[in-house]
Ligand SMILES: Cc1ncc(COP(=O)(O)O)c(C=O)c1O
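Only one chain comes next, encoded as structure tokens, the form predicted on its own.
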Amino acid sequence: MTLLAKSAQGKGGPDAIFAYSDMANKRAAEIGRENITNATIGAFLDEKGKVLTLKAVEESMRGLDFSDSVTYAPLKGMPRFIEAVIDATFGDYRPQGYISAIASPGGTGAIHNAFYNYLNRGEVCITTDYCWGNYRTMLREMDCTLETFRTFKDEHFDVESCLAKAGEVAQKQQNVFMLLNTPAHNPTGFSVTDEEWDEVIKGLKAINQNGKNNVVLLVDIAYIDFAGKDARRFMQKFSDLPENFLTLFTFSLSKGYTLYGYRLGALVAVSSSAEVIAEFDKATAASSRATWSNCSKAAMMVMCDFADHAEKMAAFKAQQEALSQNLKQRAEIFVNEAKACGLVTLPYQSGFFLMVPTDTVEIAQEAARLLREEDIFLVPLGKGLRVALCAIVEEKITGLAERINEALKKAQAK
């Protein structure tokens, strides 16, 4: 017997990432965080397993007027926050066109609003075969599905597979909805190059100029602040595109601002059409009102504080860059040691995560189990192991690649 609506039946179950994170936390409670390696969660951790935060963010948060920070924020977000979000999204590479943004609870809320307003029930979103699993979960809530194309061809992004899948979807639905998580992709750490972007945009323009299809391109940039100083350069390529080519960006304060639990982000839209942007504003704001209503005003006020005070912004940027360089150092240790011991990884350029591929799902799960016996916690995702480099300090990264390699050998031998 079930009381659930038909649309709710059969869904649910543990989230893989949080399930393995819970295992790590349980073990840490038994023997101490310093005695385990927890590479499960997408947050910066220190040598004691405590979340690292940016001091400038912490100081700004502590300086807020409490009574003001707990009041309701405007539905679309504080106007100064929206300006700051757009500036932070594009930096020095703001595209030409009409631009708007609507606040959301983290990048996840922004993705939700994009799916809900630009896909009809029963339609599909397309993305890479290595991807964040919650995309699929969110789409299921809307009676939509996720279809994937091959992420890599040799060491490069597989543009041919990407555009072939887009052409296939164009035969079935009017809006060709593509989601690309780049730069600093989760879970592999790859980034689409400028040259690959040129090919993708050219191919999508060919589709939306056929007289039948629109293109909605959603770029998930959650990890962009850890992808290098020129990571935003590709954004200028979305200037002056056809009116039926809408580009959306998901901005998040979780990663770049270390405000994980405050759940604040925004969906940013770019179009050559004022009408398209106007309907984006209206529809997205309505979806926000119908789901979470409004978002964390305290987090908005922090971003506004930086935007209004150059010295605070400078301190924030310096600390953010230092954290980015720390992540880069962690990645270099792992990648170099992986090459030295023969551990194969998927192409990595930057970001929180790195992926070790396996031949089967079972091998990934068995290797993860063997590593847990050594108090090393990774997340098996499909045919591979995700390593959260952000969560491991340098001293624990040293030697980790070899231990993963040994576990894989044992798992493959079974």
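In this text the structure is predicted, and so the values were computed from the model without any measurement. In this text, residue numbers run from 1 along the sequence as written.
Omitted here: the form predicted together with this ligand. The next part is about that form.
- In the predicted complex, Leu267 stays away from this ligand, with no heavy atom inside 4.5 Å.
- At the 4.5 Å threshold, heavy atoms of Tyr135 reach this ligand in the predicted complex.
- Proximity of Met303 to this ligand in the predicted complex: non-hydrogen atoms within 4.5 Å are absent; the residue sits far from the partner.
- Using a 4.5 Å cutoff between non-hydrogen atoms, Arg263 counts as a contact of this ligand in the predicted complex.
- Screening Ser271, Asn113, Asn186, Thr258 for any heavy atom within 4.5 Å of this ligand in the predicted complex leaves a single hit, Asn186.
- Of the residues given (Ala101, Leu246, Cys295, Ala222), Ala222 alone sits with a heavy atom within 4.5 Å of this ligand in the predicted complex.
- Remark: of stretches 201-209, 326-334, 248-256, 169-177, the one touching this ligand in the predicted complex is 248-256 (heavy atom within 4.5 Å).
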